[in-house]
Every structure is written in structure tokens, then in C-alpha cells.
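Let's start with one chain on its own, the form predicted alone, as C-alpha cells.
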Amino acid sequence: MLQCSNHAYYTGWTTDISRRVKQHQSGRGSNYTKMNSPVELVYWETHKTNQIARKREISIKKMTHQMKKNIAHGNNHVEDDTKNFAKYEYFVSSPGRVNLLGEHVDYNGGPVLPVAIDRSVSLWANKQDDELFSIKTIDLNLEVIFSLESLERKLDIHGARMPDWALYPASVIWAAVKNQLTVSGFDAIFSSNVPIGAGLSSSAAVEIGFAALLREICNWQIDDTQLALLCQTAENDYVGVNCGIMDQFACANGVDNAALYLNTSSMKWYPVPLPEDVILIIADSKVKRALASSAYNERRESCNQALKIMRQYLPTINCLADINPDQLKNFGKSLSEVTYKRAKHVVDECQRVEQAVEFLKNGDIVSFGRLMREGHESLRDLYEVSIPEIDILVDLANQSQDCFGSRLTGAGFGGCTVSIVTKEKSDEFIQYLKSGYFKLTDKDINVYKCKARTGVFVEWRKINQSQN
């Protein structure tokens, strides 16, 4: 968005913002900006494709002058004036994710089917001309400042241990330096309505949000998938959680009203539209889990052991996802009972994802729901990552005639369930789930309606220095 000499706002789209602004400033951009020069860049948004950018351009052009002014000056994101978000140049929105099928297979080379959801991390920031990083979490009312020098030791500038919540943005900066990407200091604040520790990738949303910010202010020439891979490295090697690529990928590459089919071995992916008459219902058990200290890494090690033994019989396989059910049945006798169960879940789950995509393409949501139920049974009995509270929620949901399928989502050991429900019956279903769970446990739960949304996006606007 350009502000013209007559105070009007001109909106356009481009693949090279610097070049295009110079064209408008020199009178070679459009007749309007030529007649109302000089012009000044006051705002931009980054989108994934030209088509999305063009649609956004059209929608902004239909707005009133005041609405455009609100966007240019940040008022469209200010919900509480006391927070004074208007002093920040950059705004980033990074979604959480829910996984419909393909649990615990991303680190085994298998296909997954996640959805970026309309609950997100919101981040505001200004670039600084130094190597200091000041980050405040609004939700916890805590702040940390660290430098590149203290980053490796996970210490703040005072020599104190960095708090756990700060490790996620710090890990992105660390991974960028390791990958020889330019980094710049910044002053940032962020908030999130993605429940922490609930299996909806709150940590990945934070990582992708800060990575997208750095990509914008430092002009990294990497796409959203490369951004996700960078954040996976950050969480694996800096935070210490051996996660796969699915969470970061979904947060970065989400598509409106669609699930994402991703082959985690080849990284080939495509969106799979969801039926218009259904909605995702996420129920938070309120049983929190900390991945870094949970049995997550133990499950991953079991998969590594299974792969090592199976390679003795199938030397050409690269990952557990390369094994089909017949091969596991024939050669899995050498595995211990526990290791066999872990491998069987992975092999069967990969098959379920492939079938599920075909069901969605054909609009067969009933068969898709059946696969969700089967997936939960496998997570409960074979991978053993469910808990009683989650099983109660899943059983209640699957007993409802308005629910096509329900299952545990995320790594397990607590967190959330996801259910696919008839949209027009969603309110009744939520009340049914809440009341049923309370009767059985004497506990309340949080339940959210969610829809699939686009992945991370960044906005920039020119601010008056006096605001700082």
C-alpha cells in the first residue's frame, strides 16, 4: 500500500516490492500514482502465491479510506489500546495445527494429513541495528533479552538461564546462524491463543512466526518449506525435542479450507479440500504434556530399533514407512513385542493416510471418519500414547450421530482430541461433549470450533518514529 500526495492509499501486488515502489515513485508505476505523486510505501503483506495476493489486493481496494488507514497504521490488530501495538512495524500471524491422520509417522518417513487452524501466535516486532534480541510474552508477562554471544549457552545478557518459553524463538536464531543466514536484532512481543501443551503445535507456531519475521527483515531467500525445515532443526538440536517435520510444515504451508497431504520422505505435498458442511471440533483435556521430558523420545527410539532390525531382511528400505503390512507380518517376528507394536502402528497409519486422501477426494466423509477411529485405537493400543481422559473424550464423540470420527491428535500423553462434525450440529455436539465428560470425570474441558486457514503471513507498515 502506497500513500499518495493526496493522502489516498494505492494498493497493488508485486513479486519485487523494492523494484515496484521505485517504479511508482518515478512515475512509471500507474497513471494514478503518476498523477498523485510523490508516493510513500506504508504497508505490505507477504502471501504464498500470486493468486492469493491478487485476491487480497481486490478486497483491500473495495475498502473505505478509513479501513485502509486502519490497516496501514495497525489499528486492525489492536484489541487493547494499552498494549500499544501501533509502535511496531511488523506483524506476523502463525497458526497452530491439528493432525487429522498420520500420527507419529513424520519422523518415520510416512505421509501425514495436518490442518493449519484459525488459532494462532500473533507477533509484533521492530528491527534493531544491533545483535540484541528482546522478546516479551504478553500471556506470561515475562521478558528476556539475549545476544548472539550468549545464544549458544542458552543464557540471557545477564548470564541467567534462558526461560523455557524463550528457547523456541532463540532456537530459530541459533539455527539461522548455523545455516549461515543473516540475522538482525529485534524487539518483539507475542501472544497466543493456541493452548500450550495441548498437542496443537504451539511451539511450532512460535518458531515459524519468528522465522518468518527474520526472513522478512533479513531478506532470506527461502520458501515456506525450507523455513519449516529450518525450524525443525532448531527444535531438534537446540530445544532437544526430536520432532518430525509435520508441525512446522503445517504452520508454514496451511491452505484455507483444506488439509495438507505431505509425504515426509520426498517433501512433496498438495492440499486436499475438506467438505464444506463439516467443521473441526477440538477438545482440550487440560492434561498438559511436556514433549522434551515425555516418552516421545522413547517412542522414536523404538522406531529406530525396529528399522535397524528390519533392514536385515529388507536392506533397501530407508524408513519404516517403506515397509508394507505383509512385509512387517513376515519379517517382524524378530522384533520384541513392544517394538513390533510401535512399528505396526506406523505401517498401518501410513496406509490409513493414503486411503483417507482418496476418501476426501471422493467426498466420502463417513469412511474418512472410520479411519480416524481406527487411528485412535492404534495410538491407544499399539503406540500407547493415549490416556484415560483422552479415551473418554474420543468414546463420547464417536457415540454421537453428529460426529463422523474422533481421535487423539498430537504426540499424546495428554492434550487434545479432534472430531469431524456436521457443521449445523456443532453447537449441540459441543454441549454434549462437555456435559458428558463432566458427568464421567467431574471436570470441565475447553472445546473449540476450528477451520482450516492459510499458513504464516507477515505484514509491514511505516510508523512514525515519535511513536517509539
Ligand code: GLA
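Please read all numbers here as calculations on a predicted model, not as lab measurements. Note that residue numbering begins at 1 and tracks the sequence as displayed.
Absent from the display: the form predicted in complex with alpha-D-galactopyranose (GLA). The rest refers to it.
Check your understanding: Is Gly244 close to alpha-D-galactopyranose (GLA) in the predicted complex, meaning a heavy atom pair under 4.5 Å apart or at it?
Key -> Yes, Gly244 is a contact residue.
Check your understanding: Are any of the heavy atoms in Gly102 no more than 4.5 Å from a heavy atom of alpha-D-galactopyranose (GLA) in the predicted complex?
Key -> Answer yes; at least one heavy atom of Gly102 falls within 4.5 Å of alpha-D-galactopyranose (GLA) in the predicted complex.
Practice item. Spell out, yes or no, whether the shortest heavy atom distance between Trp269 and alpha-D-galactopyranose (GLA) in the predicted complex is within 4.5 Å. Key: Taking the distances in the predicted complex, the answer for Trp269 is no, it never comes within 4.5 Å of alpha-D-galactopyranose (GLA).
Review point. Looking at the partner-bound form in the predicted complex, is Val418 within 4.5 Å of alpha-D-galactopyranose (GLA) by any heavy atom?
Key: Val418: no, not in contact with alpha-D-galactopyranose (GLA) in the predicted complex.
Practice item. With alpha-D-galactopyranose (GLA) left out here, work out from 246 to 254, 145 to 153, 329 to 337, 303 to 311 which stretch has heavy atoms within 4.5 Å of it in the predicted complex. Key: It is the stretch 246 to 254.
Practice item. Identify which of Tyr261, Tyr90, Tyr107, Trp220 has a heavy atom within 4.5 Å of alpha-D-galactopyranose (GLA) in the predicted complex; exactly one of them does. Key: Contact check passes for Tyr107.
Practice item. Could you spot which one of Tyr296, Phe190, Tyr238, Phe85 gets a heavy atom to within 4.5 Å of alpha-D-galactopyranose (GLA) in the predicted complex? Key: If I apply the 4.5 Å criterion carefully, the residue I get is Tyr296.
Check your understanding: Which residues, if any, of 392 to 431 lie within 4.5 Å of alpha-D-galactopyranose (GLA) in the predicted complex when only heavy atoms count?
Key -> The stretch touches the partner through Gly410, Ala411.
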